[in-house]
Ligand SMILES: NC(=O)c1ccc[n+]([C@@H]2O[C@H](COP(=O)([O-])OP(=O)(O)OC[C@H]3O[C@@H](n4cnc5c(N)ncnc54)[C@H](OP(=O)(O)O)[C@@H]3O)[C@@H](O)[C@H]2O)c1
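Before any questions on binding or motion, here is one chain by itself as structure tokens, the form predicted alone.
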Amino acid sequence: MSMGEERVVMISGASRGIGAALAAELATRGWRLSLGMRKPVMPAWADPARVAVFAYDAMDADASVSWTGETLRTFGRIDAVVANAGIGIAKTVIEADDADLDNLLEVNVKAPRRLAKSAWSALASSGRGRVIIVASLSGKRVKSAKSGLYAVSKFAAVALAHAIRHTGFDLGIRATAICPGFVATDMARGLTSKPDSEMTDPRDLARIIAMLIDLPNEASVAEFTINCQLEESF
């Protein structure tokens, strides 16, 4: 495979957790990586000829355009976008104020939409463009009062993935909402007393995402749920 044919993926929130695990996994599968981070640091394992890091803050409405442009200038193409950056606010919908909800929607919903929009032409040119929205099982059910506000944003994130899927289907673009339960990341550790051994390993989630973006156009997956614990439906 020539350098011009090798696929390029943009991953937001790539400095740790799911994003870092996914970057490492896709590197082993031959992808070239454009990694978005609030404080860009090249991973120790990375080959600088195949991996580039860029400043990206999901709260910045202009960040997606600049990052996409830098990615195209560096690699010449974009084949997949993984919107992984996200935040959580453990408040009920009554405790929260408008600023809390605005922040959740800005990072968990509006930023992924902006990323997809910025990369849209490149994804369409690929013929098999992929958009992954890292949502949550909180986008499928409301587990508790304290997770309710977060769930509002993640329900919207799941709907966003479906909307992107419908919009891009005839262009060869496939979108998937990834809906995990507790994953052994800093965010989850702040919400549960479960040890890491009882939560989903980010590396396992990375393998799942890698599989999904490698599927052909004729094997589209709209949602993928994964859980570390028994629940009624998930």
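All residue numbers are counted from 1 along the displayed sequence. None of these values were measured; they are calculated from a predicted model.
Same protein, other form: the form predicted together with this ligand, not shown, and the subject of what follows.
Engineer: Taking heavy atoms and a 4.5 Å cut-off, does W31 contact this ligand in the model of the complex?
Structural biologist: Answer no; every heavy atom of W31 is more than 4.5 Å from this ligand in the model of the complex.
Engineer: Report whether the minimum heavy atom distance between D57 and this ligand in the model of the complex is within 4.5 Å.
Structural biologist: Residue-level check for D57: yes, a contact with this ligand.
Engineer: Tell me, yes or no, whether I132 is in contact with this ligand in the model of the complex, where a contact means a heavy atom of each within 4.5 Å.
Structural biologist: The answer is no: I132 has no heavy atom within 4.5 Å of this ligand.
Engineer: Taking 4.5 angstroms as the cut-off for heavy atoms, does A14 touch this ligand in the model of the complex?
Structural biologist: Yes, A14 is a contact residue.
Engineer: Select, from the options 168 to 176, 181 to 189, 41 to 49, 23 to 31, the stretch whose residues sit within 4.5 angstroms of this ligand in the model of the complex by heavy atom distance.
Structural biologist: Answer to the contact question: 181 to 189.
Engineer: Scan I78, L115, A85, A161 and let me know which has any heavy atom within 4.5 Å of this ligand in the model of the complex.
Structural biologist: Looking at the other structure, the residue within range turns out to be A85.
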